[in-house]
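Below sits a lone chain in structure tokens, taken as the form predicted on its own.
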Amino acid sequence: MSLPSFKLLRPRNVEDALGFLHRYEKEGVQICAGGTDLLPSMKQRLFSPAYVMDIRGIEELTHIRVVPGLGVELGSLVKLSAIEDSGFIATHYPVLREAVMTVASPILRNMGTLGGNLCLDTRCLWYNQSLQWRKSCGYCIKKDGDLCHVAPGGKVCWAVFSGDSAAALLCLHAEIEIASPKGRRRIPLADLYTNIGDDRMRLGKSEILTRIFLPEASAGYSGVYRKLRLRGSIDYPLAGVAVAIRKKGKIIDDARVAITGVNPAPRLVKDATHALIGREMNEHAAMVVGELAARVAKPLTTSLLTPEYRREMIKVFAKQSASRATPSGPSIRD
């Protein structure tokens, strides 16, 4: 399949990019960072923009910067492979490295960016198909139609968010910077997502995700990420669980659990935090975490695997990850 015709824009900095977005907003602009998700979607005619803006040349967004006393600042164009290779991230924010290491293949991680992974389009068995296939099914709510094949008769799109890094970043209480012609604002990453499949992000047409911030307070948590996929070396998550835990002696001092691949947005399992703080990790505690994560998961028929199986795997992964993320011995100096 070939790409549709478009005009290419190449901004030199964030201000140039914002200018292009504002100037060509009515015609339609798609932002290309790594292109690993956008270009295949364009070939399937899921997007046919008049303009594609290649932002890879914005050098200021390509750095990982440690800010003493505050944490870490990652440009939205930081390559996934750079995070995987960062000794600092591996030591201080291991759950993020674990999640990034599972994304696609090494070649695609050399192309894909952190910002691109956070802004992935939602996916569905009925949506991510060729134009001819979608036309034969009467299209769907997310693209060109008004019918939901996942929940017939429903008026809400259930396409799922299928990024890996977002779940890990939710566990780290990450914040993001969004640039617009009106200036820049900083919000919690969780506030970016709407949990609506066909309108997935609170990001305006003239706005760009520019930076991701990891607070210093989240450094030092042990972390685990596990995902379910059909092909072990490349696929999107059909269910994913991230867990970050901090201990004081044998007691859990703080715990965060997040899931992805089973809802229209990545979700924190807030009740898991309350269930674990002040306790020792044991079989019962891990089982409770699994049950709580499964309650938050709302998988439907958006993939080849059944919703029941994906929900069960969320439970299994959450239980296993909670146990793995709780190393023996103290993790905070008494």
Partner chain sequence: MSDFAIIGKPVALIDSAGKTTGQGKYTDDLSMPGMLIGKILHSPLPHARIKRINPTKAVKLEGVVSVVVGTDAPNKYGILPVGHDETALAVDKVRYVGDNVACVVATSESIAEQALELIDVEYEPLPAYFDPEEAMKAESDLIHDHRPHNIEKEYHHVFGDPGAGFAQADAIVEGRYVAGEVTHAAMEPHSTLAYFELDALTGEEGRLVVQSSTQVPYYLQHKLSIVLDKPMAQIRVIKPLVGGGFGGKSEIIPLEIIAAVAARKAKAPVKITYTREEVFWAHRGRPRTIIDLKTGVKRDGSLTAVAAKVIQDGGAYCSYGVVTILYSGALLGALYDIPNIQYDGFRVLTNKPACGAMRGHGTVNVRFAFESQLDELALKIGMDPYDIRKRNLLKPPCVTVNGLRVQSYGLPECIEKVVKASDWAARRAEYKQKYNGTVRRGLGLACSHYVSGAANSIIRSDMPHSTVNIKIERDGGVVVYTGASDIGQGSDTMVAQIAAEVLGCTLGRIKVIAADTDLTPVDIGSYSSRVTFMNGNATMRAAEDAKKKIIAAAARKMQCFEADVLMRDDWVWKQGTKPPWERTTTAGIAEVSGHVDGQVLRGSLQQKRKDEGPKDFMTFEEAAVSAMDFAGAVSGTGAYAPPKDARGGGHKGGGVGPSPAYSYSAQVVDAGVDTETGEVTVHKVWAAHDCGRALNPVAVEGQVIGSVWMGLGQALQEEFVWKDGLLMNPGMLEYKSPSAVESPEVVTFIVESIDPEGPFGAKEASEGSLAAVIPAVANAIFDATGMRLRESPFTPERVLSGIRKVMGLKKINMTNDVDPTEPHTLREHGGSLWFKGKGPQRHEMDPARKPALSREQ
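Because the structure is predicted, anything quoted here is derived from the model rather than measured. Numbering follows the first chain given and starts at 1.
Below: the form predicted in complex with its partner chain, not depicted.
In the predicted bound form, its partner chain sits beyond 4.5 Å of every heavy atom of G204. Taking the partner from elsewhere, L9 is found to have every heavy atom lying beyond 4.5 Å of its partner chain in the predicted bound form. Interface membership of L230, defined by any non-hydrogen atom within 4.5 Å of its partner chain in the predicted bound form, is confirmed. Residue contact check for D146: one or more of its heavy atoms lie within 4.5 Å of its partner chain in the predicted bound form. Proximity to its partner chain in the predicted bound form holds for none of R97, A190 and N263, with the criterion being a heavy atom within 4.5 Å. This chain is displayed alone, yet in the predicted bound form one of H63, R279, R56, R45 has a heavy atom within 4.5 Å of its partner chain; that residue is R45. In summary, among the residues Y225, W126, F161, Y93, the only one with a non-hydrogen atom within 4.5 Å of its partner chain in the predicted bound form is W126.
The stretch that touches its partner chain in the predicted bound form, counting heavy atoms within 4.5 Å, is 295-303, out of 47-55, 268-276, 66-74, 295-303. Heavy atoms closer than or equal to 4.5 Å to its partner chain in the predicted bound form belong, across 127-162, to the residues Q129, S130, L131, Q132, W133, K135, S136, C137, G138, D146, L147, H149, P152, G153, K155, ordered by sequence position.
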